[in-house]
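First, one chain by itself in structure tokens, the form predicted on its own.
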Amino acid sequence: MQSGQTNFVAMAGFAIFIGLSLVITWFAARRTRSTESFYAAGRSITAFQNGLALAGDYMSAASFLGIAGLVALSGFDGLIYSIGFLVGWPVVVCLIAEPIRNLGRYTFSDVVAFRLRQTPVRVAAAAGSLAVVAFYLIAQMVGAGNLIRLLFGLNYETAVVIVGLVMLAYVLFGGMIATTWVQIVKAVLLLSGAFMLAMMVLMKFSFNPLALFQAAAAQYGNGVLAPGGFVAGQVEGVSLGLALMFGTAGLPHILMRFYTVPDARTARVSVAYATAAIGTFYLLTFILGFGAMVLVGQPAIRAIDAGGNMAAPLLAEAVGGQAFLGFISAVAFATILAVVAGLTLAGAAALSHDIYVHVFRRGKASETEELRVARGATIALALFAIVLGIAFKGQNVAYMVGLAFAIAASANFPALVMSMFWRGFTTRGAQASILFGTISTLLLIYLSPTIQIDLLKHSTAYFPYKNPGLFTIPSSFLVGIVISLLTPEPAAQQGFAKLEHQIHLGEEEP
């Protein structure tokens, strides 16, 4: 199809999903009267519901649009994103899920600051969270802009503005209750759509994936079945893999989901449900990518979007016509809206709960006041997301999310682990680790080929690797350890016994 050709089936699908979502938001708004409802859905979500919502939050535009596009244009190397996104979940279930639920209230900063001084830790943690949210938002907004431009004939900038405004309505009025149910609906739609699309691709190859891969090799050479098409070199591969694996355990919008369940056991079980759904989905993305490579063709994919983000919708048209393209596009749109809503809620929580309530108001703000600030922060973040989406037009969305994971793995994950499992961790150590991880990752991203060559059009880049995780993750741990050893904090060590008790039993010491 041509970019800008109106697809009425897609428009109908979009309208149905938006209508359903707004109905959910309306019902949720009637129940969102407290900060606990706004941030944590009243802690009333079941394990299965939270598992689907976790999967919905995690299976973003990067997963559906970005990975399929990377595989279609680069071949085998797209697999590192599929596997990398998935293998972070064992880290979450073994290290993070239960302690997070037992220790915190609304944000991961609650956990890091549990036995440390509140103000410096929360300021640093909020900075790390907002950096992750910003890069993650870029990917979703870029995907949304391309999708609506492809289908409705609107220009890219208008499309980004529309997505930002619809998402704002979800979060502003419905909070976490609305966001959770939108995520659940979206997860079911996405799994169903990806499965149907993969089956229709395999049908053309007698349900033999090997025949699909052989067709790709015959068309583009054996190089598409070998590494090196996108990830250049072992250092780049290891760096990206580490960022994807440990970044999962530092994503603020994922960590927030553990506060929506009633207890730690439910949090752990919900991760098992999420892992099953996510694992199934990522296996399908590889079929979608190679299917698009063979049945659509790389020139046609690049002609619509240089980043390859429209490979899956174009594949849907190739195997199922305009009607199926409309359905898959509506699913992709649902995916983007739901994830943007979750990200915005996480960013609003960092600004209102961590910065306003605990830093400016010293923990003395009323619930009504905090809720008002949270909604104001939501509006600011929505406008920020729109600006970022327009500025980063043309980037592959899976790659942009990879950068968000690098920040989460470097800024949030080390401080989270050390605060929960090392008695000697101190306020200064936490502050230094989070800020160093955030700043060093942002600096190396700025010096990388993505910014220096792709955006600024320089001939060379100061830092040769696209993803800095291999360098920033160990450095962040090291900085936290060294600074903690240099600045011992007896009060933090004494609070470790209470922290251990609450991690394991989920209740405060008597």
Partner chain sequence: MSDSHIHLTRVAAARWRLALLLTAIMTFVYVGFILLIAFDKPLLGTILVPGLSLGILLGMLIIVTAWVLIMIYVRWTNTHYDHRVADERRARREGR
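Since the structure is predicted, the reported quantities are computational estimates derived from the model, not experimental observations. Just so we're on the same page, rigid core means the largest C-alpha set that superposes within 1.5 Å between forms. Positions refer to the first chain, counted from 1.
There is also a form predicted together with the partner chain; it is not shown, and the following applies to it.
Partner contacts here mean any heavy atom within 4.5 Å of the partner chain in the predicted complex, and among 134-142, 436-444, 81-89, 320-328 they occur only in 81-89. Residue contact with the partner chain in the predicted complex: G279 places a heavy atom within 4.5 Å of it. The closest non-hydrogen atom of G228 lies within 4.5 Å of the partner chain in the predicted complex. Contact between L95 and the partner chain in the predicted complex is found at the 4.5 Å heavy atom cutoff. The partner chain in the predicted complex comes within 4.5 Å of a heavy atom belonging to Q214. The three residues Q219, P252 and A306 each lack any heavy atom within 4.5 Å of the partner chain in the predicted complex. In terms of contact with the partner chain in the predicted complex, the residue from L154, V238, A300, I379 that brings a heavy atom within 4.5 Å is V238. Checked against the partner chain in the predicted complex, the candidates G394, P262, G424, G233 yield a single residue with a heavy atom inside 4.5 Å, and that residue is G233. G221 is among the residues whose C-alpha shifts by 2 Å or more between the shown form and the other one once the rigid core is aligned.
With the core held fixed, A211 shows a CA shift of 2 Å or greater between the shown form and the other one. Superposition of the core reveals a Cα shift of less than 2 Å for F281 between the shown form and the other one.
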